[in-house]
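Only one chain is given next, in structure tokens, and it is the form predicted alone.
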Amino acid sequence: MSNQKKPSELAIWLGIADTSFTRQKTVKFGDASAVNSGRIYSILIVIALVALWIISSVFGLVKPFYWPTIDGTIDRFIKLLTEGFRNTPLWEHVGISIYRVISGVLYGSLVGIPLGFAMGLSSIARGLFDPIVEFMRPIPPLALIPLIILWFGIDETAKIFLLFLASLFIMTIAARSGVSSVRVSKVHAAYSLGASRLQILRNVILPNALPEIFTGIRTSMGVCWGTVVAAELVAADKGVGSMIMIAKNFLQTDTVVLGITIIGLIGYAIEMAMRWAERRLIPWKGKG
């Protein structure tokens, strides 16, 4: 009988101890499910970067790089919280950017996932849409801004449509890849048990495609956050991207850094939420 002490929950959360699942692994290299969180290293790198910023600010090393000092950035952040930016509260700038990104990803998913399923299951759908998807997929959404302005003007619809396009083809490819990754033996087994096409779609294809779909959502979320700055260039006076671009014109590098940091933190928070949802909703991922 082993007297080995069970690791604490904190040690497991930090990634410095194995979970009950990973402790059973005999081979870890090459098995993604055996990799711990590594949060301790994430915390250490954040501390190191902040310490480097503080040291650089104290000794004036940030000036040659036009980088703001940490105390000046903190003062600007407090001012943004209390006074807002251009008569608009900071939370409203953040909220409108989140709304635009989530709207773009949502609409892209509502169209892209069924389209990807159709392309993966039907020769007719693949023949009709594959040339369009493969032609449009490599084109950066930013290149479509002039056309979007001509079609939709400069109101909110134009910005959300640009983010919709940024998400659409990612979700289409992800859904099609998810359908293609379904083992045909599972489909044959379902047919042998008398399942209908609808039952196979709902109980076999969809569960097996969900991991790829979640990966597509996470990817499109990141792409949309990268595109929202350009989307808010289209005559926008609200949003984090708009705040960054206006601050750049007035050489307010502290506001620019704060805007970049806000986008990064929100994107990271959404990514963490997606990982949590994936663990809860798709516990079978990576288990065949």
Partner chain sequence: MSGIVLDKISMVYTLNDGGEVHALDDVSLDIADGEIVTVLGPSGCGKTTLLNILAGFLSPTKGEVRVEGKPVTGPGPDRGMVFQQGALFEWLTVSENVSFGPRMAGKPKKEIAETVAHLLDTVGLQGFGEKPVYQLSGGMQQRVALARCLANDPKVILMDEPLGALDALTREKMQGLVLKLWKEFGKTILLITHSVEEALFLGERLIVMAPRPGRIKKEFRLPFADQGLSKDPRDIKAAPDFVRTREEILSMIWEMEEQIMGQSESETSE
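Nothing here was measured: the structure is a model prediction, and the numbers come from that model. Residue numbers count along the first chain shown, from 1.
There is another form of the same protein, the form predicted together with the partner chain; it is not shown, and what comes next is about it.
Does any part of residue 215 reach within 4.5 Å of the partner chain in the predicted complex? Heavy atoms only, please.
Judged by the heavy-atom cut-off of 4.5 Å, residue 215 is well away from the partner chain in the predicted complex.
Taking 4.5 angstroms as the cut-off for heavy atoms, does residue 160 touch the partner chain in the predicted complex?
The answer is no: residue 160 has no heavy atom within 4.5 Å of the partner chain.
Under a 4.5 Å heavy atom criterion, is residue 150 part of the interface with the partner chain in the predicted complex?
No, residue 150 sits far enough from the partner chain in the predicted complex that none of its heavy atoms falls within 4.5 Å.
Taking the shortest heavy atom distance, is residue 103 within 4.5 Å of the partner chain in the predicted complex?
No - in the predicted complex, heavy atoms of residue 103 and the partner chain never come within 4.5 Å of each other.
Looking at heavy atoms inside 4.5 Å, which stretch does the partner chain contact in the predicted complex, given the options 113 to 121, 196 to 204, 136 to 144, 160 to 168?
Stretch with heavy atoms near the partner: 196 to 204.
Scan 126, 183, 79, 86 and let me know which has any heavy atom within 4.5 Å of the partner chain in the predicted complex.
Here the answer is residue option 183.
With the partner chain left out of view, which of 132, 74, 154, 189 would have a heavy atom within 4.5 Å of it in the predicted complex?
Checking each option against the partner chain in the predicted complex, the one that comes within 4.5 Å is 189.
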